[in-house]
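This document contains two forms of one protein chain, each encoded as structure tokens and listed individually as structure 1 and structure 2.
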Structure 1
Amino acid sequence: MTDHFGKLTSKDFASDQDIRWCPGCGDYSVLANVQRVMPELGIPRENFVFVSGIGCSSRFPYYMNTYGFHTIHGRAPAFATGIKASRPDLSVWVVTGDGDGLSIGGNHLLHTIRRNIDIQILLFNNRVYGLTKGQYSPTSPIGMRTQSTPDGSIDHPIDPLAFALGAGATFVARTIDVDGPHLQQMLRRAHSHPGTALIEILQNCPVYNDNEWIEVEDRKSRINAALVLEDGEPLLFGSEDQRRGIRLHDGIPTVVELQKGEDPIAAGVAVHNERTQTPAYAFALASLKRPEFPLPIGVFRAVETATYDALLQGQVADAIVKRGAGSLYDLLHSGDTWTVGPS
């Protein structure tokens, strides 16, 4: 095994445990790509911590040869908060799913994002409960038939990124399980972002919800079905001979057909700016849904503001500067005391 001063490889991040996901599960690809990116981040392996809740995706930490904590359903962001708040030197990654993160754990996800603690959250969205054998999830579409919804789901789905943006997320991105290069790029971006970075990973569950994202997973149809966000570039999609763009008028998106060679900016196509201060812009992108619109992938929003862990650490440091390191004697003798002498 390579020591932590030498160059690590993806193998160094693979644990010795047998992987227990179903054959063909999208999680395999995500795991392989995470293991590939880790060695590039310039962080000693022992400083990585992977934290998860309950669900198929939450098995993830067992397969990473880093520190890992497989916790309880929905609470991984809270565990990660305690880890990062007490040890800001660690690189903390949460792995969760649409059920774990948005149903039972919705409250923790909301508050973790709002505090902007410096962790990465990988939310695997397969729009179904896998581990409990196929019930509909908070991201499942209306009408989805499952064992618990034989007549079709009547729950309105939630969009993970719209949820995160509503909570004040400073970084949100979306990527696809099988698109290695893009997934890796998003992981690097999330890691370099100071604050909570949430990546929605569109993930296929071949057993309970096969081909949910096939339009964007399939290389051929992706050209028309996905809109790849590039900072500073116009919102364009479609093949060379059938280019289209997204126009935003009063925050309302419409699709513009472009003539061959037509200047998209002149045609009113919006230019992507990750640093747009108002979340309304990223929210408008998050509202783009198939089949009316292409599904955006990439970084929706990346703005910088103070992180919870740094502020907390700062308060402790300030208190020590102002008051000196705490003295137990002074604490116990503070306020009114009196002495009882020997009688």
Structure 2
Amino acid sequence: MTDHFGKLTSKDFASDQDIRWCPGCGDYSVLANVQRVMPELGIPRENFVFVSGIGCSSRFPYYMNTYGFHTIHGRAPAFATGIKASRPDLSVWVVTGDGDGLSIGGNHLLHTIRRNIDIQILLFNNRVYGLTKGQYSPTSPIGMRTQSTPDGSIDHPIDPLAFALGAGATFVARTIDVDGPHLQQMLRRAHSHPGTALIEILQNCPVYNDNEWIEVEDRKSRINAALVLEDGEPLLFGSEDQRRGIRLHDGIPTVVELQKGEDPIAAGVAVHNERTQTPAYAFALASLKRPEFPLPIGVFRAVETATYDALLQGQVADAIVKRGAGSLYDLLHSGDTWTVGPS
């Protein structure tokens, strides 16, 4: 519905489809927060497109009262690239999971990111295959026991953010399914970024991998388990009585224990700069893992460079100036043609 002033509200973005996720699934929170943010973006509802592949998260387009595509396994980034390239006026969002996006879809995700096409990618990471009943995924930690790894996984997991940075991502962020305000902030930031914006959303699967991210989901433990990234602010975590920070020396992070009232900058704590041109700094942040370090939450990198769709439109415009608008009819009837008839 719309409010008294004709503005869209979150209810305008809720479809009439029954939501079919397991009770307690983190997808519910992500959906609700996406629906809350969409009306703020000032875009007509018919100009949104949500694209997904296969998996629990990929049911997302059914529940958004917008245009959408539920595509094939791992190929959502390829579909989204085609949509944005042909209709740059649309706001295109990809919804994928750690399995769909980083296993069969890894190659498609890589090329979408390196092209820097102006779309938003929401990667739900619960470290397990939920839709196909609990097998291990590309992000599952070593030793994780699942139906497909009864003796524990021996695969080295892939880090979604390091993967994106390695592909040249210009915007990389991480948030938590149950932290509504932070999740909404990351959605707004991703939308305002010109280029590919990837958000890893730490998401709970209560059936097959419950409480995987409980340290950062629980408000009480989050203060010590999470490192909230704020541009221009020191990398600090912990309570006021037991503050700690992250020092970076030769690119190697270490934890610094701070005395009460001690100046973190003087103690060598690094100051967050999400606009550092080299991805090396963001890579260092992505390397921080529990339990040795807090898990960084927020924007890791946000830099601007030319987008694929803008460059493509420039080439199209130049071609029209040089050769004219062209005619599909003339193209189809040019050169050698033949007619197929009865023998």
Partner chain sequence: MNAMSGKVPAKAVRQIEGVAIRFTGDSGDGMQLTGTKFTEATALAGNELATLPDYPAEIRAPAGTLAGVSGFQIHFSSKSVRTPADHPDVLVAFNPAALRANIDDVRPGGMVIVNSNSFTDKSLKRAGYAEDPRPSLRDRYAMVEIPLTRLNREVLKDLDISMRDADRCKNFFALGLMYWLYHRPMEPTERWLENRFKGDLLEANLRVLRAGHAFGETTELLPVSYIVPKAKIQPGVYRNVTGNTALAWGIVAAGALMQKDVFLGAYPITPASDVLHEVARHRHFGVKTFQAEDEISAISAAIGASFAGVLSVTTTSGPGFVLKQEALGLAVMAELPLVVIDIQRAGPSTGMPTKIEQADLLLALYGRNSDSPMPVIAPLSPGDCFYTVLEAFEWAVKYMTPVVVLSNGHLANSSEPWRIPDIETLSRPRITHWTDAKTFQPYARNPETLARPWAIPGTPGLEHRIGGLAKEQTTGNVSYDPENNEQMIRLRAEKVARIAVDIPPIEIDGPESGELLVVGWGGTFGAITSAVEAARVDGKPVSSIQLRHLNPFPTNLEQILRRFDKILVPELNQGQLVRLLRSEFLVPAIGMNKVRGQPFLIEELRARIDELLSEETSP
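Everything numeric here is computed off the predicted structure, so don't read it as measured data. Quick note, the numbers are simply positions in structure 1, starting from 1. Throughout, rigid core stands for the largest set of C-alpha atoms superposing within 1.5 Å between the two forms.
- Between the two copies of this chain, it is structure 2 that is the form predicted on its own.
- With the core held fixed, the Cα of Gly24 is displaced between the two structures by less than 2 Å.
- In this overlay on the rigid core, Ser334 has a C-alpha that sits 2 Å or more away from its partner position between the two structures.
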